[in-house]
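Quick heads-up: it's one chain on its own, the form predicted on its own, in structure tokens.
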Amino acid sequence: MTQLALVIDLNVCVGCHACVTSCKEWNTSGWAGPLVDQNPYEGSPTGTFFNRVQTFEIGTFPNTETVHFPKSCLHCEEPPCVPVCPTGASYKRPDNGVVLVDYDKCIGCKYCSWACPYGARELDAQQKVMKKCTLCIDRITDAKLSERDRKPSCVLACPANARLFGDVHDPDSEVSIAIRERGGYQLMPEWGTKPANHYLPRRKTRMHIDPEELTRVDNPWRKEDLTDYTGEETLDDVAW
């Protein structure tokens, strides 16, 4: 069975949010839309997003790193959101493995959001239905588009090519080769949901920092040598 999925390279994701905005644009006007925003320019903006990028600082100064972590529905092969749905609104397509929500059946009970260990489901506050990433199902199945364009909008928008898309069950696909050769991994596999989306790990980098480089050479305190202040006049003592 075909299992379509995303493979995200954490080593080259720069956190530009192009994937977030392109996802919002496409899906707001597409099959899964609209994706509403409430008070987008106020102090507490809320809204519905299929894809978010979380940014973390890890390590201890000066050996710190910034990690950008895109996250959306992982289109699990054993999706826990499907069996808990009381109306059958959550389902997995048998032809390509994409997990979707039928808005005509969804009653907004949130059972699926409680069952999902990845927090991928969001309640649309206006339509009162649960929404999530569809892998741009209306786009990837549109035979009128060229093969190049039959990809999720986030993949096409990524300027760093951090996102790959394809069939993870095909051993010769680009995504399967990347997972196999570059150590791709699933998020929280201990839950047994078999997420179809994978992440490519950040490569270890070594950076040598000279301790003297951590001190400002133009530090005015250092110029006046106030570290060993002996009572002489300094710039702070001058009356202008």
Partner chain sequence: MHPAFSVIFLTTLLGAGQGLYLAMVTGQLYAVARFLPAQADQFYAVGSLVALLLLIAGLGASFFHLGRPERAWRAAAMWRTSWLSREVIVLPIVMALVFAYGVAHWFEWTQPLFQVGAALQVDLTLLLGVLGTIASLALFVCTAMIYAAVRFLQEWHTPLTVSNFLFLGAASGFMLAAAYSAYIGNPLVTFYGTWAVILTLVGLASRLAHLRRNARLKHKSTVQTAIGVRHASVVQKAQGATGGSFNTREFFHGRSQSLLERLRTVYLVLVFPIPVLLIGLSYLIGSSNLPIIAFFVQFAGLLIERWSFFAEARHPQNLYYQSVA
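In this text, all values refer to a predicted model and were calculated from it rather than measured experimentally. Positions refer to the first chain, counted from 1.
In what follows, reference is made to the form predicted together with the partner chain, a form of this protein that is not presented.
- Not one of T21, W31 and P94 places a heavy atom within 4.5 Å of the partner chain in the predicted complex.
- Note on the interface: of 104 to 112, 166 to 174, 153 to 161, 135 to 143, the segment with non-hydrogen atoms within 4.5 angstroms of the partner chain in the predicted complex is 104 to 112.
- Looking at I209, you'd find every heavy atom of it more than 4.5 angstroms from the partner chain in the predicted complex.
- In the predicted complex, none of the heavy atoms of Y41 sits within 4.5 Å of a heavy atom of the partner chain.
- The partner chain in the predicted complex is not approached by I179, whose heavy atoms all lie more than 4.5 angstroms from it.
- In the predicted complex, at least one heavy atom of Q54 sits within 4.5 Å of a heavy atom of the partner chain.
- Along 56 to 85, a non-hydrogen atom within 4.5 Å of the partner chain in the predicted complex is carried by F56, E57, I58, G59, T60, F69, K71, P80, P83, V84, C85, in order along the sequence.
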